[in-house]
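Below you will find one chain, with nothing else, as structure tokens; this is the form predicted on its own, and questions on how it binds or moves follow later.
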């Protein structure tokens, strides 16, 4: 499907930082570059808007989201409000297969290098995907597809911010944070798991908001 191809191309370009925050995404130019119709291009752009990877501007077309403390604060607040609740549900409802998936996802995350010299000072694509899968797997035990779809949307929006602004932080032990999350979830300790997740999200949000005041970088 052409719109899927254009969407995948634009999503990758935005995530890689090929476009700077606030850059215009002109349907006519993109359609010409990709050799597709204007309608196909607009369909892909509308999908990106729905995922928080583009903004639709009145009378101005489309653009990559610009840096805004308020944007990241709202995303962070939404995640801190929703994800601990869903994690509690997951711990309550998750079965042994869910436990196995959590262990496997955590093992993959631990075994995937977060940084590779040839890829620069930012998270690798492989680690970013393992990170997403681990966090989503923790919540999948809830069995509520609507809540998981909400997580997917919020994760995509925050991942864009992370790739732009997140730097290596030698003072933060992400490995320990993820291990504590796994252990609390599999111990069925909902209170501890929720508290650890809130702290984890708060630290990430603080880094993003602080870094959003700096020039945009891929990360």
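Positions refer to the first chain, counted from 1. From a predicted model like this one, the values you see are computed outputs, not experimental measurements. So that the term is clear: the rigid core is the largest set of C-alpha atoms that superpose within 1.5 Å between two forms.
In what follows, reference is made to the form predicted together with a further copy of the same chain, a form of this protein that is not presented.
**OP:** With heavy atoms only and a cut-off of 4.5 Å, decide whether residue 1 touches a further copy of the same chain in the model of the complex.
**Re:** Yes, contact at 4.5 Å.
Subject >> Any non-hydrogen atom of residue 113 within 4.5 angstroms of a further copy of the same chain in the model of the complex >> reply: No, residue 113 sits far enough from a further copy of the same chain in the model of the complex that none of its heavy atoms falls within 4.5 Å.
Subject >> Touches a further copy of the same chain in the model of the complex: residue 192 (any heavy atom, 4.5 Å) >> reply: Flag for residue 192 set to no.
Subject >> is_contact(residue 56, a further copy of the same chain) in the model of the complex, heavy atom dist at most 4.5 Å >> reply: Yes, residue 56 sits close enough to a further copy of the same chain in the model of the complex that at least one of its heavy atoms falls within 4.5 Å.
Original post:
Candidate spot 102, 107 and 172, all three in 4.5 Å heavy atom range of a further copy of the same chain in the model of the complex?
Top reply: Negative, none of the three is within 4.5 Å.
Subject >> Interface residue in the model of the complex among 177, 43, 152, 33, criterion: non-hydrogen atom within 4.5 angstroms of a further copy of the same chain >> reply: The residue from 177, 43, 152, 33 that makes the contact is 43.
**OP:** Taking only heavy atoms into account, state which residues of 128 to 146 are within 4.5 Å of a further copy of the same chain in the model of the complex, ordered by sequence.
**Re:** If the 4.5 Å heavy-atom criterion is applied to a further copy of the same chain in the model of the complex, 128 to 146 yields 143, 144, 145, 146.
Subject >> After fitting the core, residue 190 CA displacement of 2 Å or more between the shown form and the other one >> reply: No; that C-alpha moves by less than 2 Å between the shown form and the other one.
Original post:
After superposition on the rigid core, does the Cα atom of residue 150 shift by at least 2 Å between the shown form and the other one?
Top reply: The answer is no, as the C-alpha of residue 150 shifts between the shown form and the other one by less than 2 Å after core alignment.
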